[in-house]
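First, one chain by itself in structure tokens, the form predicted alone.
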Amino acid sequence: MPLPKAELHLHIEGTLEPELAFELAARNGVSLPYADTEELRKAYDFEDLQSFLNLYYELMAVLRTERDFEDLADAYLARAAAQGVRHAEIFFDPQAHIARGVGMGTVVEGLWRALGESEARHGVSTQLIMCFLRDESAESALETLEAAKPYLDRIVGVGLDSAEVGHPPVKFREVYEAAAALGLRRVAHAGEEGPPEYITEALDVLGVERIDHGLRCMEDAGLVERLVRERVPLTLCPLSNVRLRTVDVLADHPLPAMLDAGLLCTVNSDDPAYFGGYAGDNFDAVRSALGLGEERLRELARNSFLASFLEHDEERRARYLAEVEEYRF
């Protein structure tokens, strides 16, 4: 039985394993520029964030119908449950699908066919977070929020992802203000490849409650002090950081120093099909490479539930936290 945990930084499109990609391509008559799954896996050797994004968007072409999105989400939930995930807050990128002619309803309803059955089928509670692509226009983000309004009973919050450098958080001030007015929770990727100033801007301009990644906060002592003081969670993704060359080798990851500084860190998988592992794999990797002891791992698991958007169900959160405390390694 793996350590119970919540996953708070997971892009559902990034769970598309090569086998499922080929299965959906065959179902939908899509031709992939790879001979087989082995050749496709060889393409998963990325130089940086942009080289990953190029393949990430290319493979999305196989996602066409509600059934496709249901199969994608259900496959993730089965893997996550097997690795101890008890609660998952799942990102999706509607603009990348709308641009291909796949409507918001197809995406949300398809995902929800899996998410709505997740507790019964997998023992995993779920929430859905809609992300805006930061390398698209601010106007496109506003149009996306408008398109999502009929589905806000299924969407708990908004996020900001894709290519970070050159696209500061302030670009999305208006759409985040609109999201806040609708009662949506707010998170944003910041400080992965972008500078620490992007983290500050996400907090002050967008009003985010969690920072996704946030690695580069360690370059600014004042920012670290603020994040500790305000208990702002950071959703770290160690295997992703190595695969995208943000960190050279996992042994160099700043996670131990971040925990020592008092930061509320969590460990997540980001895009696990592309980056070499799901949530439990990331926990195993940091335990091995960074020498994290049982109490540090328990702290990370505890943090994941404390940082989750489960305020509407404190009884559930308390139950999950009790599972963490009772766990025996």
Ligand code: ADE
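All residue numbers are counted from 1 along the displayed sequence. Being a predicted model, the structure only gives us computed values, none of them experimental.
As for the form predicted together with ligand ADE, it is not shown, yet the points below apply to it.
- Under a 4.5 angstroms non-hydrogen atom cutoff, ligand ADE in the model of the complex lacks F46 among its neighbouring residues.
- Although the partner is absent here, Q83 lies well away from ligand ADE in the model of the complex, with no heavy atom inside 4.5 Å.
- Within this chain, F52 lines the site of ligand ADE in the model of the complex, having a heavy atom no more than 4.5 Å away.
- The closest heavy atom approach of D161 to ligand ADE in the model of the complex falls within 4.5 Å.
- Listed stretches are 32 to 40, 293 to 301, 64 to 72, 264 to 272; the contact stretch with ligand ADE in the model of the complex is 264 to 272, by a heavy atom cutoff of 4.5 Å.
- Taking the partner from elsewhere, no residue among H87, E89 and R210 has a non-hydrogen atom within 4.5 angstroms of ligand ADE in the model of the complex.
- In the model of the complex, not one residue of 288 to 325 has a heavy atom within 4.5 Å of ligand ADE.
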